[in-house]
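Quick heads-up: it's one chain on its own, the form predicted alone, in structure tokens.
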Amino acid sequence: MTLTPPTAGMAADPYPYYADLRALGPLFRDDESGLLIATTAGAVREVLASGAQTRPSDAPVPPAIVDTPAGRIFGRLIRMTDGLVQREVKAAVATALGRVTDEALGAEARQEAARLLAAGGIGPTALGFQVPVRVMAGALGFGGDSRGELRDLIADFVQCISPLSGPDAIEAAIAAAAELESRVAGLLGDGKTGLACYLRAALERPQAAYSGHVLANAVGLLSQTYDATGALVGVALVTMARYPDSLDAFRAAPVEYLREVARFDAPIQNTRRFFHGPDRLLGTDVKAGDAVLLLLASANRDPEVNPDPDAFDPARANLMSYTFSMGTHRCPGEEIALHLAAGTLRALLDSGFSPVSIDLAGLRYQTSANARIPMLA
């Protein structure tokens, strides 16, 4: 495939290309896409610390889902918003997540994966996109019988977030969003314990508007678990296939192993920011309306922050990773994602699956705007 900055993450090995982009400068304008490209760790930090926003000023919600259930959820997700409300909701999400233990969720993921594998008919890719969502649904307070259905609804809903989705996918996302709204509202109405109710308690405010943020970000916990954690499971298996001698390191310290995987072959390769007014960054004039593509995967391989960055080293000291972002938009569920992926992978290895069976020569990656999802059996 012809590599471009926005699509490089779908290539078999985009990292030499990212090195070439870093040589062009920390921040440059790509003539083909019109995007500013942040290639280095320093540039990514600079953009994230600037006034750049997560959405364009004229499209806080994608036009195709405005005034729909999907649009209502999208417009309140902390990953898609900025400002005071975003910060308050994010703090509440962090407080709610603090009520569960990462280790317990990891153990539950291992048990859930073992159960699905024992039932048969599921491959490693499907396992990575099933288990974390099912476990997170349980943590939110949903009963076991509904967790498979919730996973399917989330698989439809996340299509409204991707700019690559066509009309049929958007229609399915809108329908899924309406059902998710109903199910989460019912869960909150039951008053049971779980992350959804913990989030509601943490966001107790006189403003009625906050009730919508509780519902939306409960859905957001499921959607981020689906794509980012599923992709992490996939790239970890590919890394194990490439470095079979590293399996002992995974078994000894699975979460630390996955931290290095997330740096070495980032499951989320890039993200975007938008300037609502003029600025100047790293000697480059930025206009209102400019979009910046932050190459998180390239920043992870920047030798200025990670010496010998192209080496996979599960024991790497002073690891610097931008995969989960940083600053006000750093993912509050990073530790949960690592533990969910670790539990899923441990069960898969326990079942007798051998990563060396992966056909690396024929490996392909799913079409995605930013996620790196290996197409495994």
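Numbering starts at 1 and follows the sequence shown. The structure presented is a predicted model; accordingly, all values stated were derived computationally and were not measured.
Just so it is clear, the following notes concern the form predicted in complex with a small molecule, a form of the same protein that is not shown.
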property	result
Stretch in contact in the predicted complex with the small molecule, which is absent here, among 310-318, 25-33, 324-332, 348-356 (heavy atoms within 4.5 Å)	324-332
is_contact(residue 224, the small molecule) in the predicted complex, heavy atom dist at most 4.5 Å	yes
Partner proximity in the predicted complex: residue 234 to the small molecule, non-hydrogen atom cutoff 4.5 Å	no
Proximity of residue 176 to the small molecule in the predicted complex, heavy atoms at 4.5 Å	no
Interface membership of residue 246, the small molecule in the predicted complex, 4.5 Å heavy atom rule	no
Selected contact from 79, 276, 147, 72, since only one has a non-hydrogen atom within 4.5 angstroms of the small molecule in the predicted complex	79
Of 184, 214, 268, 305, the one that lies within 4.5 Å of the small molecule in the predicted complex (heavy atoms)	268
